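Okay, so here's just one chain, in structure tokens, the form predicted on its own.
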């Protein structure tokens, strides 16, 4: 366990610069790609999953809590944005604040889930996401949430603006992970993940650490859900609370390697790239190829691609 109390676990400046450089390169690259690649929706989805994987990295990679219902925060953000735009007639950027606020409110309500651990926490979070879905999809709430009939936000439809807003959220998520990887607080979270009893004896506030990580992770997902609603402008509850969003983000994170900055990035670029190359072009081969990759990962690389370099003594950014 890192020596949190004495602060001897400080990371070198070189590592911080490397992490920040990777984050800047990814954001800049996705910005440039919009001008050279015609399929903007696919690029936008890449940004969504890049951000969600890093959001999951905050709560799972640094504290060990894996929420299968992570999509609940994403959906809360989408509806927080939509309700603000539909009923308060606010500009899209103000609606984004409502998206983040909705996810944070839900995270506060669900704080008792942190008393659980392992599979109990994962399943309880999934049930909570389903409960939120049932609320917003209720036909009796059509006048508020539009129920199961879908939301239309044509008044704020702006693909270019929402694309660059998504890039800003990606940058925010990446910087959060850079901070956690190179700060005493991030080290304390890893100490909590590895041995909460020993961490508490070393002076670490276990409850406070887990709560902050939970709220930051929820905020990232809520902002992504808000920018999704802004970019798409027409969607249904089934889309906003689609459990496959959580599944994809989790697989991408685990494939690349949790706690690292580059692991989730590699997971998204490789696996979502394969999905778009095979799953769309030749869907009959997609399930086999995707399944084979995941099985190989579980058998040979349980700690993700990053573990290949770690085994050779190379520090993974």
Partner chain sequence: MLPAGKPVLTGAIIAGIVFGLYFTLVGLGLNLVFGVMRIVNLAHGDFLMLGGMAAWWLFTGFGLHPLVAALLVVVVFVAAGLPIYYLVVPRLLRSRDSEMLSLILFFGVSQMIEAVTTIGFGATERSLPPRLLGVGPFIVLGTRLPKAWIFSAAVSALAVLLVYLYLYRTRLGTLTRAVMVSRDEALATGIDVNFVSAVAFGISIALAGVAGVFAPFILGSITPNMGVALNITAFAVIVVGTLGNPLGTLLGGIIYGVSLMLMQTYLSSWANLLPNLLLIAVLLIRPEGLLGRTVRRA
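Residue numbers count along the first chain shown, from 1. Computed from a predicted structure; not experimentally measured.
Just so you know, the form predicted in complex with the partner chain exists too; it's not on screen, but the next bit is about it.
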| item | value |
| --- | --- |
| Non-hydrogen atom contact residue 27 with the partner chain in the predicted complex at 4.5 angstroms | no |
| Interface membership of residue 295, the partner chain in the predicted complex, 4.5 Å heavy atom rule | yes |
| In the predicted complex, residue 66 touching the partner chain (heavy atom, 4.5 Å) | yes |
| 4.5 Å heavy atom contact, residue 288 and the partner chain in the predicted complex | yes |
| Answer option from 239, 130, 152, 211, heavy atom within 4.5 Å of the partner chain in the predicted complex | 130 |
| Position in contact with the partner chain when the complex is considered in the predicted complex, options 107, 122, 92, 174, heavy atoms within 4.5 Å | 122 |
| Three-residue site 23, 38 and 167 fully in contact with the partner chain in the predicted complex at 4.5 Å by heavy atom | no |
| Options 213 to 221, 135 to 143, 96 to 104, 82 to 90; stretch whose heavy atom lies within 4.5 Å of the partner chain in the predicted complex | 135 to 143 |
| Residues in 230 to 252 close to the partner chain in the predicted complex, defined by a heavy atom within 4.5 Å, in order | 243, 247 |
